[in-house]
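Next up is one chain by itself, shown in structure tokens, the form predicted on its own.
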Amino acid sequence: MLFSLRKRPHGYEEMDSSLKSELGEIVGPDNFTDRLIDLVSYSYDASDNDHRPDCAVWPSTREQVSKILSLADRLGFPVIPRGAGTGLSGGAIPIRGGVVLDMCRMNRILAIRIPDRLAVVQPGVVYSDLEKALLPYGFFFPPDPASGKVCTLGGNVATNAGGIRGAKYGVTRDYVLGLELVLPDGRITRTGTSCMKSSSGYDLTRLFVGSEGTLGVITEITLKISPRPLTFQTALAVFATLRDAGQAVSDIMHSGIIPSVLEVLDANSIRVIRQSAGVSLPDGSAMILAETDGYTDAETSFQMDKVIEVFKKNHVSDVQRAANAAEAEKLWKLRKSVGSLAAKLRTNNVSEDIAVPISKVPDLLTGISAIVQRLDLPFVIFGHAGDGNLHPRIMYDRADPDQVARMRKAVAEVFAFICEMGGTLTGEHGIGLSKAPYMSLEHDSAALELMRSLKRLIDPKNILNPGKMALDGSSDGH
């Protein structure tokens, strides 16, 4: 069968009906769509980017993924892997059209092997579903993304997702033992091992973790799992200044105690929660939510006592210790609601996830606040202070050119500020489209060329998720 691809004004190609029919034959007619209502749904994620694909498919086997990529390799159309669309950097936006590869129907937990401390899953498994499956065994998968109830493990691997437990337990990369992948030319391969350690050859698994669907399509994941802690303690601390809160975080993280969670909220976050959620919170310029965990009450209490000692040395104005699990859960629900509550302040928002060395957290908090205040836009700052990863969320109205200009200036200044401190553009969300124009702030020209040469080597026709991470030297959409 012959196919034709019509050139679009922007240089990439538009699929015709015969090619769409072939895609439908690969996955079955019920697993293919080019309906406008579906294409609109696939035109955006949780970021402030959008572009419609030509069509979308729901593969259910690695063989189907392989056939689709073999076809794309032969004809040169873009393929964009997608999880649940919860990404905040535009990583799943089909900026050059093509086919969205929705992996949600490859959603089986294939094995839970407690003696080997691992689980084998397909990429469409939702994070919280794995957590529920591990619960009866007394195990858990430590990374805890805020979108854990809906995000998929394939998306977590593609972006190297983290969460509130990162200070103690690390991020997704620390738990991926091996992957099954389909390469851009349709070949199926495996990386890594089911062993807890390996020094065999280049670490290809780590190359693909965090590659945002630009090098291969994940079809199976082997994850390390951990015994679940049995006891927890939670405390809320209020500070008169952001700097005091930031210094408390820095001091805790080299005190000999590593809390399982150490989250910070600025004054604007506190105000948003108080006004929008109708909750009474203590007055202050910053709050820290801390959690310790372990296997005995004595262990977690000892850790929390040490944390509170550090709070007191940094001029804490109020400390509240949760008396039970119900009180602790209320506190964590408030923390997880900050982003969505703040987003209501304006029509649009950008949510960044910059990170710095932990000793720089005090400077980070005060510096970001000063930048965005000067540009007169609503904002909140919250996030995972225990590993230096914060989420400044800036609200604006995209219909107002002046607000858009001020937002872009604020983002650029924040990125320049954190890179000058030895920080990174993204701690857990990925580069995607949103941060692509700023890659040269963090990476020198040799590093960028090495990344681009790897992309050209593995995906010479630029089929997989083109236009992302500045890998082709472009910054589409900006």
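As the structure is a prediction and not an experimental result, all values here were calculated from the model. From 1 onward, residues are counted along the sequence shown.
The discussion below concerns the form predicted together with another copy of the chain, not included here.
In the predicted complex, does every one of 35, 45 and 108 come within 4.5 Å of another copy of the chain, counting any heavy atom? Zero of three within 4.5 Å in the predicted complex.
Determine which one of 363-371, 382-390, 326-334, 283-291 lies within 4.5 Å of another copy of the chain in the predicted complex, judging by heavy atom distances; exactly one does. The contacting stretch is 382-390.
Just to confirm, residue 442 within 4.5 Å of another copy of the chain in the predicted complex by heavy atoms? Judged by the heavy-atom cut-off of 4.5 Å, residue 442 is in contact with another copy of the chain in the predicted complex.
Is residue 399 close to another copy of the chain in the predicted complex, meaning a heavy atom pair under 4.5 Å apart or at it? So residue 399 does not count as contacting another copy of the chain.
In the predicted complex, does residue 189 have a heavy atom within 4.5 Å of another copy of the chain? Close contact exists here: in the predicted complex, residue 189 approaches another copy of the chain to within 4.5 Å, heavy atoms only.
Do residue 422 and another copy of the chain come within 4.5 Å of each other in the predicted complex, heavy atoms counted? The answer is yes: residue 422 has a heavy atom within 4.5 Å of another copy of the chain.
Could you tell me which one of 242, 377, 270, 358 places a heavy atom within 4.5 Å of another copy of the chain in the predicted complex? It is 358.
In the predicted complex, the one of 276, 348, 198, 317 near another copy of the chain [non-hydrogen atom within 4.5 angstroms]: Comparing distances to another copy of the chain in the predicted complex, the residue within 4.5 Å is 198.
Contact set, 284-305 vs another copy of the chain in the predicted complex - heavy atom within 4.5 angstroms: 294, 295, 296, 298, 299, 302, 303 sit within 4.5 Å of the partner.
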